[in-house]
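Single chain ahead, written as structure tokens, the form predicted on its own.
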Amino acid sequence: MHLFDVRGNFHFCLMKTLYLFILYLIGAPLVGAWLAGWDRRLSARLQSRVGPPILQPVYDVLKLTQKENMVVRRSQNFYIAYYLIFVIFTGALFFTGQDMLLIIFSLMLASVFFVLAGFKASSPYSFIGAQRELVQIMAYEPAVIFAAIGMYMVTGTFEVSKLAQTNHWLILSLPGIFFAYLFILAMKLRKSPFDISTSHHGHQEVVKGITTEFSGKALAMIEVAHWYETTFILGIVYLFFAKSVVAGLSAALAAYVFMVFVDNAFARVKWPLALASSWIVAFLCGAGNMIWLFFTRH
């Protein structure tokens, strides 16, 4: 009977994980595309324009898949394909409730493939964009790691499934860490003032940094990867308010809308300022929050 129960629980957990993975695989790009559409519409209204349809990002990606695939080197698209795969894999780990540290490692690996694609394109613009992407990775990683460690200090676990079911309002214990994460959110969403490697809007510059030499299906894969990544990044915001589903979803949506306003209100900064400010905020607010937790809990 005991063996039967173990097998039954294993089968249930496996089916639940598979169900969540399929739901994420289909739902995440739909949510990401919907947010990208509202991003364009809100940005247009802030600039006294009507703006495109909400589904315009989907139309753009479908059009890109029909265009001729022009490449400098064929291997650059190989790296883009792996970038998309690892972004999807990272989000799948998150939404099926796996370990946060493994998720962070997987996200970093996806970013490395994106950087390699930029270097492989053999263009001075994409080369500089790839260098700036490396700077961005160094800038935002401390805040992301502090978020995972802070959640562990409060709940005693790195598992997303348990963090999502916590009875704690993590935002009350981790206000500094949340602020540090919110500060680098513009980097992950590629918005001003920290969209130093590339921008998802045409208002910044004609040359689009690391994505300059990508077109057709490769550029479509980059856009789809951004949709997946946006959903996953906002999922971490949700965890700070996970005690209430409504509060978590509202906070994630509010964070994205806030980033849209920031994107339209600030000009791009230079990479030294982006790196320095991110580290200062991460270590003052994030590390300071963890030190406060350590002494108040011992």
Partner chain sequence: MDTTFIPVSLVIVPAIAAFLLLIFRGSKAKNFIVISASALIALGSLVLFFLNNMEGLIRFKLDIPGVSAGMLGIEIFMALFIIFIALRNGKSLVALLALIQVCLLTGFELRYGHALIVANDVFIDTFSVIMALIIGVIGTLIAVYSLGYMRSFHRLHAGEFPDRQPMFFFIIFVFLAAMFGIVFSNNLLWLYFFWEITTLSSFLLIGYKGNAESAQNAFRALLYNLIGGLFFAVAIVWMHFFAGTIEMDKLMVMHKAVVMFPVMLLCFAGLTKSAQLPFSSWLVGAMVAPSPVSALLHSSTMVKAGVYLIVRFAGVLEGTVVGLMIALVGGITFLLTTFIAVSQSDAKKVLAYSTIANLGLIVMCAGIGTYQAVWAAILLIIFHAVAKGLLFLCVGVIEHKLHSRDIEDMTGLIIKMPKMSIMLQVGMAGMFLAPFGMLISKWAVLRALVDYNPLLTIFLVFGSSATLFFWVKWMGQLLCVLKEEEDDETGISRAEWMPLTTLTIFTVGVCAFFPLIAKTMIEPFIRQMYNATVTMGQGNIMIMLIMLAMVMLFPLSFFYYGKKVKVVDAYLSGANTAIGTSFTNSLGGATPMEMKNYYLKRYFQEEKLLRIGVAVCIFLMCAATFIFVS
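Everything numeric in this text was worked out from a predicted model, so none of it was measured. Numbering follows the first chain given and starts at 1.
If you look for the form predicted in complex with the partner chain, you will not find it shown, but the lines that follow are about it.
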Among the candidates Val224, Val115, Leu170, Ala186, the residue which, in the predicted complex, approaches the partner chain to within 4.5 Å (heavy atoms): Val115
In the predicted complex, the one of Val154, Ala164, Leu182, Leu134 near the partner chain [non-hydrogen atom within 4.5 angstroms]: Leu134
4.5 Å heavy atom contact, Lys120 and the partner chain in the predicted complex: yes
Touches the partner chain in the predicted complex: Phe283 (any heavy atom, 4.5 Å): yes
Trp279: touches the partner chain in the predicted complex, heavy atom cutoff 4.5 angstroms: yes
Heavy atom of Ser43 within 4.5 Å of the partner chain in the predicted complex: no
Location of the partner chain contact in the predicted complex, chosen stretch of 45 to 53, 61 to 69, 26 to 34, 232 to 240 [non-hydrogen atom, 4.5 Å]: 61 to 69
Contacts with the partner chain in the predicted complex, stretch 79 to 98 (heavy atom within 4.5 Å): Tyr79, Tyr82, Ile85, Phe86, Phe89, Leu93, Gln98
